[in-house]
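Here you get one chain, nothing else, as structure tokens; it is the form predicted alone.
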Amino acid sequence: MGLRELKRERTRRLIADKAFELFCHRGFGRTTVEQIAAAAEVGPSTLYRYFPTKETLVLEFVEDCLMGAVVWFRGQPPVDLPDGLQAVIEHVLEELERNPDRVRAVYEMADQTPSVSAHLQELIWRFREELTEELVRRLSGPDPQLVEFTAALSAGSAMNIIETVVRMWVENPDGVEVKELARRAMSLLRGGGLPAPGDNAGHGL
């Protein structure tokens, strides 16, 4: 990363962090773009170049975790389908665990603010689509439609596990081990306890 890109990333991170501080202190609805820009010591036009809406500021951390996992997965060697799904799931959860307070705050805002909830669902759907595309690229089989169907089911299963584990973690911060829950879910997938492709799908990644 060059010096210019490094400075841009630092500015982006500063804006997101200051915005989140204000959202938690003042509330999402009562925080203005002008207040966020002032706290980050940038102009509103600069803020909008990095984040087109307030909702994208809320979800910046979650987006980095989800989309970063897909980017990471693209660089991994071929693996069996269940192993690939588990790797993606654990990568997302490891990143989310780095900042539990922010994750819980995101879910609280999504529960309280319809626009944040809608943007979160759009982000989740985009993650599923991009993971599906990567799985299609990796899967083999004579029937392209079946390959795409298997990939879409697998990406949906991965996202469902992530959502369920994170929701339980948010609601029970002291009583949930996220990786253990994810491994239990993957055991169900591998053993046929959940309706998703397992080792007997006949495909590799």
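All residue numbers are counted from 1 along the displayed sequence. Remember, predicted model here, so these are calculated numbers, not experimental data.
Absent from the display: the form predicted together with the DNA. The rest refers to it.
With the partner left out here, check for me: in the predicted complex, does some heavy atom of T53 sit within 4.5 Å of the DNA?
T53 belongs to the contact set for the DNA.
Verify the contact flag for K179: yes if a non-hydrogen atom of it lies within 4.5 Å of a non-hydrogen atom of the DNA in the predicted complex, no if not.
The answer is no: K179 has no heavy atom within 4.5 Å of the DNA.
Can any non-hydrogen atom of F149 be found within 4.5 angstroms of the DNA in the predicted complex?
No, F149 is distant from the partner.
So in the predicted complex, does any heavy atom of Q145 sit within 4.5 Å of the DNA?
Outside the cut-off, so no.
Exactly one of G141, P173, G68, G43 has a non-hydrogen atom within 4.5 Å of the DNA in the predicted complex; which residue is it?
None of the other options qualify; the answer is G43.
Answer range among 35 to 43, 58 to 66, 150 to 158, 163 to 171 for contact with the DNA, defined in the predicted complex as heavy atoms within 4.5 Å:
That would be 35 to 43.
Scan 143 to 170 and write down, in order along the chain, each residue with a heavy atom lying within 4.5 Å of the DNA in the predicted complex.
If the 4.5 Å heavy-atom criterion is applied to the DNA in the predicted complex, 143 to 170 yields nothing.
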